[in-house]
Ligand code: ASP
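Listed next as structure tokens is one chain, alone, in the form predicted alone.
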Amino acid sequence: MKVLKFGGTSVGSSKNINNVINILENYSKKDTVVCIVSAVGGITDKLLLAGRQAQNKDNGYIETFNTIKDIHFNIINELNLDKSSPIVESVDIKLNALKSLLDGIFLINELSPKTSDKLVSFGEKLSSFIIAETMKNRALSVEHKNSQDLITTNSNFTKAEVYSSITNKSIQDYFKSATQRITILPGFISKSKLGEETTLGRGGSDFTAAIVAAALKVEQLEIWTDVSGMFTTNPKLVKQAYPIEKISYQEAMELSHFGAKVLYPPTVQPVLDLNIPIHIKNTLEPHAVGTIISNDVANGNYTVRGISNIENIALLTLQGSGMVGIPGFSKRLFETLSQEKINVILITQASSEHSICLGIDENDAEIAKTTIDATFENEIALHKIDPIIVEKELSIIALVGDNMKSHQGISGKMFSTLGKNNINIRAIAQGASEKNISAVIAKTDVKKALNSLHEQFFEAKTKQLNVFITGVGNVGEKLVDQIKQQRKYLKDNLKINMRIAGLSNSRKMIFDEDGIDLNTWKEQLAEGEKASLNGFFESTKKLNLRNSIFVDVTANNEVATLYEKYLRQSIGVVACNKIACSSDLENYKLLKRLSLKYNAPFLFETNVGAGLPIIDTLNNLIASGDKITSIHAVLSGSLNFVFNNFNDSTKFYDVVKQAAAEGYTEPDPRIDLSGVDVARKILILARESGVEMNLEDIENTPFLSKSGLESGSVDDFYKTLIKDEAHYQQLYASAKAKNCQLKYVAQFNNGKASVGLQEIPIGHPFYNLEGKDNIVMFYTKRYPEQPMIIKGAGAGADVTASGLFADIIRIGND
């Protein structure tokens, strides 16, 4: 014999009911089947609503009743049942009885628990009758049996207690003589010894199924719902969640207590006592494996079996120095809550006895505060304790697993993962059994917490990075293309799942928490919302995705001022924008501190040398104990390109224009040609070497003409290049006469730095530096005579984008 239970969603439409009938028909070919059904999805809530409306003299109960009526008759029509058949007449009689009951509640202005049980029983009576009669209409061997004839309870209305011996005998006697292949029973409903209609409370249909399964001692109880079993975590919040094939009773109950809606633990106690396995199946995907709950679960190599959460939690804190060493505070606190029938979900107490924290349903918070403050009124007045502190808009997340007790470091991994993602923990609870570790967090962090923990404990060590890029111009577009090209490689080889969740240019911005489609990002961006630097930050913050990285591909001062905000939200920052790291020393040091404090990486390799590993090499030298004594470098790919292409047969204006057109200069070429850009770069290297200095401390010897330095706009500047061509030709002629090359050189030595145009003689490492290449020579204690040299392309969209990409990957590998 098979016992199956179908929930409200499973019988919530004619389509789903047809699925149920097909499942039952297939089962009945091999076994006799007992099927317990819930009310049509949402009907119980509507019945209670109608009852409250009637009690409150609200004529809206009639409209609610009509909605209930329409739902059931729509299902009947869609099941192709003959409108003139006895089925329709019987359903109409039941609905008329429901209407009469509601009218009575309206007249007497009262809805007692006893009447409430009678009212809500209509849901299961209607659904079970319609399903049974539909199956009879299709010539199946089926009978509808009222569970109230089988399950006997006391008169504790709305949550009646079952008389097991009487109930077991009634069930066994009935099925001994039953000849039908399929029996349909309404769940949830029962009768008292006095013949009064009662209900079994929350999860009552599960309870009915468990009672029947236990009485008949079947091999397995099947609970059919709208999901394919119990998942590793909430699949609505974590797309990577997957069904757990086998799980122990204890694990299932822990997960269910903490928010998994598939099972209500108290109701399955009858089958648990007899060690009857429970199989969770999906009505909409009947061939899916589902989840088997039993005591026969191999330990395996798993540690955490699932991650669950409870929403709408309030945290109550009772604290005060007057509590220390004084017995009875806990007793009075819990008695007060018990008297108000307030359930305590989580408890934690400091060993100092100075405070007790309780997690309760947020809806009970106000009455809890009022009654607790009243209970401790005297102690509060004497300042022995504080008035109860209430914190709302919280949630509980919980790791669950039988094997957690035999694995060290689980809680460490949990809290480290949450901390890395800026998720603040308000309270922690762990039972002595070590099957559950619970933490109270802000409800706004639940999705990020579940995804982060699921990635840590259930996924194949694949780290998801959520990238937000501001500035998708020349370099930004190359970066997007590189990410698109390498996504599969990163996932397969580096176990990094990189998604671009936000993009912005100066006009538009777009966001997608599931990742922007990189095949159509340009079209999407063109149709995006109006761009705003602060709006981009706020949207990134609101999405609250784990492992978020903000990438600045601009030269904008206002963007650089936002780094602090991103870092404070534990959002990593990757920048080719040099303004922040060359800004006031205190701001530079603040960004470094925030990066450490909020565990948010702050990487800016492309600030110096584009894609060359200059800063990374410098940091490695310092970290290994070496000390920088001096730095000599050509750090401007744009200036090197300009002076490598400028001669007595070219015009300086034409070469600068070419450099700008090929993306080697900043949008404003004066930043490069004035030496400010190079000064910023040597300043960054000096700071990374451990020297404290500001931009004004760097000696900058300009080579531009006076009019060029004083130009008010980019257009004016280009005009000065044409006018002052003789000035630039004179610079070239001087170098040529000495058989030298013009190079713009940055130097750092003995705590001082300078930048300026120099005439480099033959034989010098800088002399043959070609094109847009950069070169850096580090002299250190370990490299006092022969410096460490890094040389290569130091400008261009592709290499700059690759440098940014490398920083993003570096974060993914941490």
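Under this definition, the rigid core comprises the largest set of C-alpha atoms superposing within 1.5 Å between the forms. Because the structure is predicted, anything quoted here is derived from the model rather than measured. The numbering used is simple: start at 1 and walk along the sequence shown.
The next section is about a form of this same protein that is not shown, the form predicted together with this ligand.
Placing this ligand by C-alpha superposition of the site, using its position in the predicted bound form, leaves the pocket open: no ligand atom lies within 2.4 Å of backbone or C-beta atoms here.
With the partner omitted from this view, the residue of F188, F550, F376, F641 that lies near this ligand in the predicted bound form is F188 [heavy atom within 4.5 Å].
Only one of S147, S205, N466, T540 lies close to this ligand in the predicted bound form, with a heavy atom inside 4.5 Å, and it is S205. Taking the partner from the other structure, this ligand in the predicted bound form has a heavy atom within 4.5 Å of a heavy atom of T44. Under a 4.5 angstroms non-hydrogen atom cutoff, this ligand in the predicted bound form lacks V755 among its neighbouring residues. Taking the partner from elsewhere, C35 is found to have every heavy atom lying beyond 4.5 Å of this ligand in the predicted bound form. Comparing 708 to 716, 197 to 205, 565 to 573, 736 to 744 against this ligand in the predicted bound form, the single stretch with non-hydrogen atoms within 4.5 angstroms of it is 197 to 205. Taking a 4.5 Å heavy atom cutoff to this ligand in the predicted bound form, the one contacting residue in 118 to 145 is E124. With the core held fixed, the Cα of G204 is displaced between this form and the one not shown by 2 Å or more. Core-superposed comparison between this form and the one not shown: CA of M788 displaced by less than 2 Å. After superposition on the rigid core, the Cα atom of T158 is displaced by 2 Å or more between this form and the one not shown.
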